[in-house]
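Coming up is one lone chain in C-alpha cells, specifically the form predicted on its own.
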C-alpha cells in the first residue's frame, strides 16, 4: 500500500501562492483558515527560498499523540485525518505540530476557538466518500476519485509534489542528482558549516 507524502522543492517554488488558492477554492475553506501557506526565507535577499507548507501527514504524528479525545486517525495510505464530531477545539494539536498545520476558525465576538481544520491530503474525512456531509466538513475527496491533491496538481513549476512517498522521493532524488548539489540541498552547510580545508601535506 502506498504511503502518501508531500515534498516541496525550494529550488522550484516561485511564491505564486497557486497551491494556497487551489486548496481554498477546491474545499471552500472558511475565511481565516489556511490549510496551506507559502513561507519565504530571507525575503528580498539574494538567494531567498520559498516552500509550500501544510500538514505533512507524519508517520509518527505529534498531533495524534497529544489529542486528549483521540480525534485523529491514519488511513491505510498513511494520511492523517481527524473527526470534527469528536474534536473539542482544545488546541493541543496546534502546540504540538511543528508545521503549524492545525487551524482554528475564529467564531463569535471574542474569537472563540471552533473545531480544528487542517489539510486532508484531499482525502475527505470519516463520512461516506463523496457525500455532501463530507464536503461540508472536510472538503472534496479527490483521492477517492483517483486524483492527487489540488495544490500539487495546480503547482505551475511542479515544486510541490504529492503522492506515493517512494515515487515522490525518486522524483526529488533525480532532481538533486541532476543539480549536482549533493547534501547541500538539505542545508547541510548551513546547519553544520563547510568542512575546513586540509593543510597541504596532511595525509589523514
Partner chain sequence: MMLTRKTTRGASGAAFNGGALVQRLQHGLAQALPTMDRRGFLRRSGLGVGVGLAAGQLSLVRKAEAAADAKTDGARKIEVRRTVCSHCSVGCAVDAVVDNGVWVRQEPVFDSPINLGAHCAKGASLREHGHGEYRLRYPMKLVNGKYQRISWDQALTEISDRMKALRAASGPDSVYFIGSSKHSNEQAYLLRKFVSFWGTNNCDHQARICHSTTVAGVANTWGYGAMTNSYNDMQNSKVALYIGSNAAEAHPVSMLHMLHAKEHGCKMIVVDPRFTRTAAKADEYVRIRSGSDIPFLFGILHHIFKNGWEDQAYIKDRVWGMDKVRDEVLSKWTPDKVEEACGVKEEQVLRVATMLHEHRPGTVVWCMGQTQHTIGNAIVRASCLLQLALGNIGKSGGGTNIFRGHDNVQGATDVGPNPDSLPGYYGLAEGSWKHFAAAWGVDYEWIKAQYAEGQMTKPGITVSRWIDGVLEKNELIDQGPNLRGVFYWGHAPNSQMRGLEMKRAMDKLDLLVVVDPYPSATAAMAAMPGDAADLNPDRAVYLLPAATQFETSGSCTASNRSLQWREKVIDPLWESRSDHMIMYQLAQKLGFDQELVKNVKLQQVKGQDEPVIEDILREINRCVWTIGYTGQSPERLKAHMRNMHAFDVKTLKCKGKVVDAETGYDLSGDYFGLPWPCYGTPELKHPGSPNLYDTSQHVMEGGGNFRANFGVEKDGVSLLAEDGSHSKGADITTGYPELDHVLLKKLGWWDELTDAEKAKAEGKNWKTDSSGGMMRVFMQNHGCHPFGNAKARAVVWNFPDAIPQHREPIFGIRPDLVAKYPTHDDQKNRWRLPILYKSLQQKNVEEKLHEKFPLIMTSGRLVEYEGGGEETRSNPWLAELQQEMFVEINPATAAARGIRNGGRAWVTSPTGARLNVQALVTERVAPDTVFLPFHFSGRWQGKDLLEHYPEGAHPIVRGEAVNTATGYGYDIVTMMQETKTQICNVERA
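Remember, it's a predicted structure, so these values are computed and weren't measured experimentally. Residue numbers count along the first chain shown, from 1.
One more form of this protein should be noted, the form predicted in complex with the partner chain, which is absent from this view; the next part is about it.
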Open item on the list: Does any part of residue 71 reach within 4.5 Å of the partner chain in the predicted bound form? Heavy atoms only, please.
Closed with: yes
Task: 4.5 angstroms heavy atom contact with the partner chain in the predicted bound form for residue 126 - done: yes
Task: Partner contact for residue 162 in the predicted bound form: the partner chain, 4.5 angstroms, heavy atom - done: yes
Open item on the list: Even though the partner isn't displayed, in the predicted bound form is residue 155 close enough to the partner chain, meaning a heavy atom within 4.5 Å?
Closed with: yes
Open item on the list: Under the 4.5 Å heavy atom criterion, name the residues of 131-156 that approach the partner chain in the predicted bound form, in sequence order.
Closed with: 131, 132, 134, 135, 136, 140, 141, 142, 143, 144, 145, 146, 147, 148, 153, 154, 155, 156
